[in-house]
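Just one chain is shown here, as structure tokens, and it is the form predicted on its own.
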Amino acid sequence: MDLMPAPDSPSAAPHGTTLPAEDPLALEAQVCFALVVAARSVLGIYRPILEPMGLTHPQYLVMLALWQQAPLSVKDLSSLLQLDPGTLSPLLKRLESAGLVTRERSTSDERLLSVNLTAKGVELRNEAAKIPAEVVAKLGMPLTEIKQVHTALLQVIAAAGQA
């Protein structure tokens, strides 16, 4: 994907510098760099919002999946969140220690570990409901633009998955 403008027009880079359009290795022109910096910046907005709830961002993602549909097997959670089970397991242990989820062997298939919300985990959803609006407010971007970025990111995820 070529992010560089036409060779006859300079590209405005962050901090007001101008990049030569013909440099395909310009840091600011790299999709990977923009994605990493954007992800770090957005996660930095979430951190102070989640901290009072006792959640990290990855734990918040687990809770979002469970608030949407619980119980879920670890396998299904892993697939939904696109995390390997080895990464997911410590997150679930911490959420269980915090009293937000339970992990139990499935009665129908003992190979499956089922994750469910506790009453405390269900209640936390009410507090978490304010998070999306807070993030939008802190970003200071119109909601329509945020939705466009989200749509574009989903397209990038799909394209990268097919590559």
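In case it trips you up, residue 1 is the first one in the sequence shown, and so on. Predicted, not measured: the structure shown is a model, and the values here were computed from it.
What comes next is about the form predicted together with the DNA, which does not appear here.
Stretch 99-107 is the answer when you ask which of 128-136, 63-71, 99-107, 26-34 has residues with heavy atoms within 4.5 Å of the DNA in the predicted complex. In the predicted complex, R47 approaches the DNA with a heavy atom inside 4.5 Å. Contact annotation: L83 falls within 4.5 Å of the DNA in the predicted complex, judged by heavy atom distances.
Contact between M53 and the DNA in the predicted complex is not found at the 4.5 Å heavy atom cutoff. Contact annotation: L113 falls within 4.5 Å of the DNA in the predicted complex, judged by heavy atom distances. Contacts to the DNA in the predicted complex (heavy atom within 4.5 Å) from stretch 58-96: P58, Q59, S73, V74, K75, Q82, L83, D84, P85, G86, T87, S89, L91, K93, R94.
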